[in-house]
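Okay, so here's just one chain, in structure tokens, the form predicted on its own.
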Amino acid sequence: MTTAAEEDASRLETDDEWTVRLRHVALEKLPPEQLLPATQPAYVASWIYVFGVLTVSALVVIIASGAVLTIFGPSWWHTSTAGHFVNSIHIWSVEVFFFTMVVHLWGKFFMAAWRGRRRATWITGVVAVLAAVGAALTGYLSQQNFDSQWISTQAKDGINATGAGAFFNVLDFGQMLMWHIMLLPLIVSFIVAIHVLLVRIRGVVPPFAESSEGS
């Protein structure tokens, strides 16, 4: 017959439990005050630091509008007024996404954003750009209009020349649609999430220190 005190003691956490060890590692590597900081360095007020947030914001709109288009299908976005509107939001959020992402990429390139043990942050950002290009291509191929037909026939020979056409058939609407609405969004979202997490861990890259030469 065990007492209440003995039952409470049996419930005490020990470092032998993998969940406890995992939580300790997570809190050590990702402290809450670092993941969700209340303040930022003064240099973050510069306009160049805004484009990363704008890119993520545009991605959220892309995913939300794309989910609506996925639910109702091609006939809806081609024939319905509401479908035209949501489709326009989707395409323009893609335009904003790529514009802000490219500005963010080049801005960080000229700032040497891999400084201070931030190589992984830089690499995930570049990989996210490449994955987003694939998502955009399959998106154009999924439009079910003359543009998508033209793009697919023009891309076919080039992709077949690389050998990728054996499993990536740009003329197959069903395959391209599945790549666009399922696989590539998951890949882009995962890489962007890792990228943002690394930014939180390593911090945003500071501007170059002013040189004292010639002063």
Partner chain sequence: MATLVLLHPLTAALVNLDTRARVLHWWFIQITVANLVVIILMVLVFVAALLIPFRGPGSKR
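Positions refer to the first chain, counted from 1. This is a predicted model, so every value here is computed, not measured.
The same protein also exists as the form predicted together with its partner chain; that form is not shown, yet it is the one meant from here on.
- prompt: Counting only non-hydrogen atoms and a 4.5 angstroms cut-off, does residue 131 reach its partner chain in the predicted bound form?
  reply: Contact with its partner chain, no.
message: Within 4.5 Å, heavy atoms only: does residue 30 come near its partner chain in the predicted bound form?
response: So residue 30 does not count as contacting its partner chain.
message: Quick check on residue 48: any heavy atom within 4.5 Å of its partner chain in the predicted bound form?
response: Residue-level check for residue 48: yes, a contact with its partner chain.
field: Partner contact for residue 44 in the predicted bound form: its partner chain, 4.5 angstroms, heavy atom
entry: Yes, contact at 4.5 Å.
- prompt: Along 103-136, which positions have a non-hydrogen atom within 4.5 Å of its partner chain in the predicted bound form?
  reply: Result: 103, 106, 107, 110.
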